[in-house]
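Below, in structure tokens: the form predicted on its own, a single chain.
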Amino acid sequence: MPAERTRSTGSDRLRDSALAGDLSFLLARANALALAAANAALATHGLKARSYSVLALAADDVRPTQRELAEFLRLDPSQVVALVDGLEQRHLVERHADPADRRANVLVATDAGRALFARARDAVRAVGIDSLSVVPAQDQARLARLLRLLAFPD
């Protein structure tokens, strides 16, 4: 039998590489897989993970400024402007003057935005449940706590 036929697939061989044991790589790969699954589920709602995140925060009544969104989501402010503009064009969010700072705007979801967010959230949750099915149930809460520690170290 030729040597090529007895070799494992490239993916199997790469799983045994030093990189596959690197925590930063594993986090990045898990993130890429989660984003791809979330974006696929959100596509039917005309959203992607980033626009969904902005809509979610606007629908949560925390009234974030665009600067707060950029910092929280770790995006460039120009990216947030484009995301908000897109959601605003679809009448899903509105910019309101920030009562604490007249120079800033806060983001508020419209009724249509809240309704779309509720439907999209259900789709994202279903994908999350499916994605996490490989993690034993008793470890899922622990995983979430550990990820929160990494995501919000301060």
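What you see is a predicted model; the values in this text were computed from it and never measured. Note that residue numbering follows the sequence shown and begins at 1.
One more form of this protein should be noted, the form predicted together with the DNA, which is absent from this view; the next part is about it.
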query	finding
Three-residue site Gln66, Val81 and Arg103 fully in contact with the DNA in the predicted complex at 4.5 Å by heavy atom	yes
4.5 Å heavy atom contact, Arg50 and the DNA in the predicted complex	yes
Any non-hydrogen atom of Arg95 within 4.5 angstroms of the DNA in the predicted complex	yes
Contact segment among 103-111, 22-30, 52-60, 120-128, judged by heavy atoms lying within 4.5 Å of the DNA in the predicted complex	103-111
